[in-house]
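Shown here is one chain on its own, the form predicted on its own, set out as structure tokens.
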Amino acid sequence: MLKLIEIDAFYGKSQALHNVSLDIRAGEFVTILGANGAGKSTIMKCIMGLVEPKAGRIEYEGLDITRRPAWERAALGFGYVPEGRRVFPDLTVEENLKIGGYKLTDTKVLVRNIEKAYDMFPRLKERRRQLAKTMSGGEQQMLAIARALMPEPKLLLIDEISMGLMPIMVNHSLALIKKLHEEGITVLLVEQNANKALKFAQRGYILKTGRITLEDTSSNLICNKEVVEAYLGA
């Protein structure tokens, strides 16, 4: 479904990604693990078209999208939950959801998807008229996920779901993502909390200083001595 082929990316003169290659097959739940500053978010921004690679190629369902703008990628079936949630602070919950579904031309579908979001997150329904900036971090995370689901994406990209959340909210969010995956959405999760991510994902990549150093099934990564020592607290 998605391929990154030998991607190099820079911020100014500083190189953030070095020859990064990965592939996500349709129906998979894959995670990218690494410490702060490893380049995880840069990979997501390259996939979404927010950072343009200096070298390499990105393919989605066989189509070269390396130079396509972010809005075109969203129209192709990408859903994106950015690092730090990035909800629209001065809009209400429902207005945020409507913006997430801006590409939907059928109003009935938009209304149906908003109601599905409220079924998934009853707290959002309670807060539907509330400004996003007045909500807790956990509520904003719910909103960011629900907003990404509005256009019915085929591929869901999630950047650091655990950031700033209490453990119970992290578990709740990951369980929800797992349920969405089981319902047919392909998931790519970038996460610093390796313990949590590997319990839910099927396969994982390890990223160090902008380079992919290891790729394997989650069950193998959990047992890998290097991964255990570096990421699992042993």
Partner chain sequence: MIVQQLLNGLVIGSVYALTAMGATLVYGILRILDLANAGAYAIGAYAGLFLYLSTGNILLSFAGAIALTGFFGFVVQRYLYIPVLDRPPIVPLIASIGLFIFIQDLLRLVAGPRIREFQASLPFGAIKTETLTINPTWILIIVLTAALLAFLWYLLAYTKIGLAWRATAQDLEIAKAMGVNINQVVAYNFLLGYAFAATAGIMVGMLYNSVFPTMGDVPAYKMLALIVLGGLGNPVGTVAAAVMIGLIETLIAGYIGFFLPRDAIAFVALIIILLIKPEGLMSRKA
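Positions refer to the first chain, counted from 1. Since we're looking at a predicted model, the values are computed, not measured.
Beyond the structure shown, there is the form predicted in complex with its partner chain, which is absent from this document and is the topic of what follows.
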Exercise: residue 152 in contact with its partner chain in the model of the complex, heavy atom 4.5 Å:
no
Is there a heavy atom of residue 138 lying 4.5 Å or less from a heavy atom of its partner chain in the model of the complex?
no
Taking its partner chain as it sits in the model of the complex, is residue 109 in contact with it (heavy atom to heavy atom, 4.5 Å or less)?
no
Contact between residue 74 and its partner chain in the model of the complex at 4.5 Å, heavy atoms?
yes
Within 4.5 angstroms, counting heavy atoms, which one of the listed stretches 205-213, 22-30, 168-176, 45-53 is next to its partner chain in the model of the complex?
45-53
Using a 4.5 Å cut-off on heavy atoms, what residues in 113-137 are near its partner chain in the model of the complex?
133
